[in-house]
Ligand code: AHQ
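Have a look below at one chain only, the form predicted on its own, in structure tokens format.
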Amino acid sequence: MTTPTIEALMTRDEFVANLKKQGTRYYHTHPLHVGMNAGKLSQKQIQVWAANRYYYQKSIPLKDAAILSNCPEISVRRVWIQRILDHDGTTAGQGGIENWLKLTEAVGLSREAVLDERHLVPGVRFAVDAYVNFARTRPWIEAVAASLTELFAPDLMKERLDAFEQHYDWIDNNGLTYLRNRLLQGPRDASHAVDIVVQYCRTREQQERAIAALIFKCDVLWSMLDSIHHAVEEK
């Protein structure tokens, strides 16, 4: 009987390189983002994007809480809980979710219209819920790996911030706090997550599953944009 070949564990550099390689799947190349960054979207189209993206923003702490509930490592939980505090804030009127609501107001939406999800399209709800469910049901290290789209986000966030300030001068500049904050928070979070994934993926199979989890997350974000793009084309 032939003994199955066991693939060698990737080195840290190889593993991180394979994770970063998934940036080619990332959604900065999506037609919606290309059009947005070129200043080609109308106010109504920007509103549809912002309202739908809110559903993702408000679900991030649920995803992170799921990771915490599944993670037995105290040192990881101590680091990861900061993400919930960043998004929920420590008091009313603070945090990333509140800042995204301010962005939706800055593009001309009422807070009520965003909170009651009247602009939410089914494809976005489905994709975001699938991501939260992934974090709840898959091994915690895979859910951490799925968060590594943060590796690619800072450049996109900077490009989006520049585009809003250059092409959409009707957007209240005070509503762009979320984007500015993520320029600092994103790289910090990505660095923490990479270290955790490298440390706790101790077999080749775990490494491959971590890469697959990141691919899944890229697909989630792309699916969200497809759904939003279809909605804005009707506006």
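Please read all numbers here as calculations on a predicted model, not as lab measurements. Don't overthink the numbering: it's just position in the shown sequence, from 1.
Keep in mind the form predicted together with the ligand is missing from the figure; the text below concerns it.
Only one of 118 to 126, 103 to 111, 161 to 169, 79 to 87 lies within 4.5 Å of the ligand in the predicted complex by heavy atoms, and it is 79 to 87.
The single contact residue among A50, C201, I60, L32, judged by any heavy atom lying within 4.5 Å of the ligand in the predicted complex, is I60. For Y26, a non-hydrogen atom is located within 4.5 Å of the ligand in the predicted complex, even though that partner is not displayed. Taking non-hydrogen atoms only, L221 approaches the ligand to within 4.5 angstroms in the predicted complex. The ligand in the predicted complex is approached by L156, whose closest heavy atom lies within 4.5 angstroms of it. The closest heavy atom approach of S147 to the ligand in the predicted complex falls within 4.5 Å.
Of all the residues from 196 to 218, the single one having a non-hydrogen atom no more than 4.5 Å from the ligand in the predicted complex is K217.
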